[in-house]
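Next comes just one chain, in structure tokens: the form predicted alone.
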Amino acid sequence: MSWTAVAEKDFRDAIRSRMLIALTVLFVLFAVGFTYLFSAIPRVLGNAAPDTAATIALLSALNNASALVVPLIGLVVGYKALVGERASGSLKLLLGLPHSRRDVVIGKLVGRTGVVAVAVLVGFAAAAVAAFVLYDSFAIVEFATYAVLTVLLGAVFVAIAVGFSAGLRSTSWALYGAIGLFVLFEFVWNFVPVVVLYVINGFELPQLTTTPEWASLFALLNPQRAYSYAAASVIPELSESVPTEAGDPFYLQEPFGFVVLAFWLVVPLALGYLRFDGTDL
């Protein structure tokens, strides 16, 4: 298939440019450093050494950090995927070969996701070795499952960035769009329901005993929050990290996190492709 050739070329280019090596080293330092600090802090504070639940506690602690670092990596890797080649003129050469525009978009997504996947998996493998040495016990299945889910989160943000890259003509605007979306998810998203409640309550903060369902759903539509829900659905020990109840509707249950991740993986990429497909290069 033609898109596989594009993906292979993109992955090889990442190796030649040393982007893959740099990202892998960065994520190894992040994952191993976090694993070490998580084991060292209790000892510094005079608490007991990590116990048999240390792996789950580590994953719970890693959740917010991974949800910050991995999206940044995905956006940085993906935002120049197409618009960078358009600016340099190499995109016309690529499309002059027997590749359709769809092949190019899919190939770029797969190739750049491969870069993120290698960095994340190598980083988690190194962290697993550190945890195996530092902790009294190590839950390898849960740790490996969490690593795969983190790759999925990276793929989602690569898809978002490639969608921007496909739909825009300027590298700068693709970068601004990716950064703006990251800022929205990381710093703004959770405040939107608060602002809405403030407005509809006559510009006063309401005294709520429970969060409205629509506000919980809005929070879950953030892919970083959906990542936590998805992780809790396949690693039950992490369920305490998400505010779900047995009687909640299906769209507030943990497995719905996968639906949200699938939405962000497909829709921004499809919109970017549709614009790219109709653009005169």
Partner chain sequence: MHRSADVAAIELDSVTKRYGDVVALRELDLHVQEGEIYGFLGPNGAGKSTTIDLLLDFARPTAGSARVLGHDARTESVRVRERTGVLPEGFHVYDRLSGRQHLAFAADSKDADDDPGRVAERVGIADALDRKAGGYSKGMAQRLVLGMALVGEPDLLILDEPSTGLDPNGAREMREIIRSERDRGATVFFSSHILGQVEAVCDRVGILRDGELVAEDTVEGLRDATVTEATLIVEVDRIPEGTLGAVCALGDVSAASADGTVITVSCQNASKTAVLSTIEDAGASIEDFTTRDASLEDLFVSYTSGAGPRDGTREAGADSGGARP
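Note that the rigid core is defined as the largest set of C-alphas that superpose within 1.5 Å between two forms. Predicted model only: the values in this text are computed from it and were never measured. Numbering follows the first chain given and starts at 1.
There is also a form predicted together with the partner chain; it is not shown, and the following applies to it.
Not displayed here, the partner chain is kept clear of G202 by more than 4.5 Å at the level of heavy atoms in the predicted complex. Interface membership of S100, defined by any non-hydrogen atom within 4.5 Å of the partner chain in the predicted complex, is confirmed.
Shown alone here, S90 lies within 4.5 Å of the partner chain in the predicted complex, counting heavy atoms only. Taking the partner from elsewhere, E142 is found to have every heavy atom lying beyond 4.5 Å of the partner chain in the predicted complex. You can rule out all but one of 184-192, 126-134, 151-159, 90-98: in the predicted complex, only 90-98 has residues with a heavy atom within 4.5 Å of the partner chain. With contact defined as any non-hydrogen atom lying within 4.5 angstroms of the partner chain in the predicted complex, the contacting residues in 3-17 are A5, V6, E8, K9, R12, D13, A14, R16, S17, given in sequence order. Residue displacement note: V267 has its CA displaced by under 2 Å between this form and the one not shown (rigid core superposed).
Relative to this form, the distance between the C-alpha atoms of E8 and M19 is increased by at least 3 angstroms in the predicted complex.
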